[in-house]
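Read the single chain below, which is given as structure tokens and is the form predicted on its own.
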Amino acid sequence: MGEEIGFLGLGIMGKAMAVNLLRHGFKLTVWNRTLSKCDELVEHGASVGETPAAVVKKCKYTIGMLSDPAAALSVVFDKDGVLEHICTGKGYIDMSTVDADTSSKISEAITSKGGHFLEAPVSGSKKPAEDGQLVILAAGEKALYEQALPAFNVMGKKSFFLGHVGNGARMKLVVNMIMGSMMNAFSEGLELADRSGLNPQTLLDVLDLAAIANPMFKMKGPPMLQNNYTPAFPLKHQQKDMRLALALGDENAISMPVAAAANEAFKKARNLGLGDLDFSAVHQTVKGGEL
């Protein structure tokens, strides 16, 4: 598949995306803060870079998939970071979910060294990442977008180019805000059905045939009824996205009482120690009590 692609960050999402690229014949050099996480990728044919800088030096363009704004910034700006070897002709694609300000900071730093930058956060969690069914929300340098399309087409079912840097981040936050609000409404409904003497499984069957049927209810409902919250999208990251979306609402003076209430529920869940479980564990705040 031609040049080697760099890949930084092998968490739940990054690992699934990188494995998918390797399976489709792409050559990858990978890096992760805990380097031992690279071992499984090496079995699939990846090379390992000792530092983000080393990966960028070797590759025509490099993808980052980090957990939050702090991690996304540190991979770029810290010692041995992306900036040390980014230069004219090299590209950096940040697929992490961050706020528009973070994206802009990274973009300015990369372009000031002559590099190309694209933000490309994704909609979808672990299973869509494994299956190459993500939705990619890209913005920034159009030429880098075109260059990365073959990889995007393997990782995702659809890519959008949304214009200037910041728009990808904003679109992702809006999507995740709606998702987080829906998850809270869903949790309340499951518990209300249960406590008022209905079978929650029957509720799932009815919802699946109704106008509000959706893949999230279908996929998350059955495990939620079993109190199974194996993380596909960790709750602490969902709460981070709610917080960032509410900040975007502040900037635009938009009243968002539903999102604000959802954010409070996710905070409560974090307080109960559920932050590393799936975001559907917010269900426990309605049920009351520990797992």
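On a predicted model such as this, the values are computed, not experimentally measured, just so you know. Residue numbers here begin at 1 and follow the sequence given.
The same protein has a further form, the form predicted together with another copy of the chain, not shown here; the description that follows concerns it.
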Query raised in the report: With the cut-off set at 4.5 Å between non-hydrogen atoms, does residue 259 touch another copy of the chain in the predicted bound form?
Result: yes
Query raised in the report: Can you check whether residue 75 is within 4.5 Å of another copy of the chain in the predicted bound form, heavy atom basis?
Result: no
Requested in this report: Examine residue 95 and determine whether its closest non-hydrogen atom to another copy of the chain in the predicted bound form is within 4.5 angstroms.
Outcome: no
Query raised in the report: Closest heavy atom of residue 118 to another copy of the chain in the predicted bound form, within 4.5 Å or not?
Result: no
Query raised in the report: Just one of 57-65, 33-41, 260-268, 226-234 has heavy atoms within 4.5 Å of another copy of the chain in the predicted bound form; which?
Result: 260-268
**Report entry** One residue of 154, 87, 175, 71 in contact with another copy of the chain, assessed in the predicted bound form (non-hydrogen atom, 4.5 angstroms)
**Finding:** 175
Query - Among the candidates 80, 101, 191, 131, the residue which, in the predicted bound form, approaches another copy of the chain to within 4.5 Å (heavy atoms) - result: 191
**Report entry** Residues in 241-264 close to another copy of the chain in the predicted bound form, defined by a heavy atom within 4.5 Å, in order
**Finding:** 243, 245, 246, 248, 249, 250, 251, 252, 253, 254, 255, 256, 257, 258, 259, 260, 261, 262, 264
